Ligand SMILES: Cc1cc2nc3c(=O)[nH]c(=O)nc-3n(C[C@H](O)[C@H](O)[C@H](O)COP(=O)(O)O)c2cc1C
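Form predicted alone, single chain, as structure tokens, below.
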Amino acid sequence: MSDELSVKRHKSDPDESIEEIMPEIRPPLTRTHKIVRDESGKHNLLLILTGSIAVMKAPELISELYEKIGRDRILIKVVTTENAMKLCHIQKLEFDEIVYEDRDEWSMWRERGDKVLHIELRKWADSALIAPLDANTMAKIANGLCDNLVTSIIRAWDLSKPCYFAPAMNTHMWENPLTMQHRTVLKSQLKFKEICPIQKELICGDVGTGAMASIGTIVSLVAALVRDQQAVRIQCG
């Protein structure tokens, strides 16, 4: 894959600041970039990453999705919030998949007739998986905000398509009554499917519920969705 479409590993001193790391990222995409649905029958999954440290599990999650489901049955595109992308660079994560960022939204559109990125990604996807979903983005979604690429995709989401979310946050954030309200909006009003967090010692040192569900749990749920949807296609075909 070309350098333009991949997150580059930055070989740096561990004490370097994020400002020193970020300048080596790829240039923003332009209006020449096309998002085309694959017509081979593969499931198009939009993997959305938000600003939780659990984002470090994203490469493993992608690898397991391909391993469990099969590259002949699923395609994955990745979308990140700004904070998620910062964490990706801090953790020096690498992706073979196209990774879309906020700046691509504005660099791809110049005038009437140009494609709108968050709409094109929604059209492309058969389903979405927000993993991890941090407290900040959960609150934005629940309150209808759409101030970045991720929240614009979700605000414009076709609610007939499945959307899974795997929360990941500090235990006290998870237990905050506002979080319960926001989860209720996502599950009851938007009909999104929650993949509940688990209890463990968090990176911050706190012990309690809030860690993102295991990779195995997330992959099993997505694999079941793909299997069921493709079985329906076969029956209707």
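What you see is a predicted model, and the numbers here were worked out from it, not measured in a lab. All residue numbers refer to positions in the sequence shown, first residue = 1.
Here the subject shifts to the form predicted together with this ligand, a form of this protein not shown in this document.
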query: Contact test in the predicted bound form: residue 134 vs this ligand, heavy atoms, 4.5 Å; finding: yes
query: Touches this ligand in the predicted bound form: residue 173 (any heavy atom, 4.5 Å); finding: yes
query: 4.5 Å heavy atom contact, residue 127 and this ligand in the predicted bound form; finding: no
query: 4.5 Å heavy atom contact, residue 169 to this ligand in the predicted bound form; finding: yes
query: Contacting member of 163, 76, 84, 108, with respect to this ligand in the predicted bound form [4.5 Å, heavy atom]; finding: 84
query: In the predicted bound form, the one of 35, 190, 62, 53 near this ligand [non-hydrogen atom within 4.5 angstroms]; finding: 53
query: Listed range touching this ligand, judged in the predicted bound form by heavy atoms within 4.5 Å, from 26 to 34, 45 to 53, 66 to 74, 190 to 198; finding: 45 to 53
query: Neighbours of this ligand in the predicted bound form among 195 to 219 [non-hydrogen atom within 4.5 angstroms]; finding: none
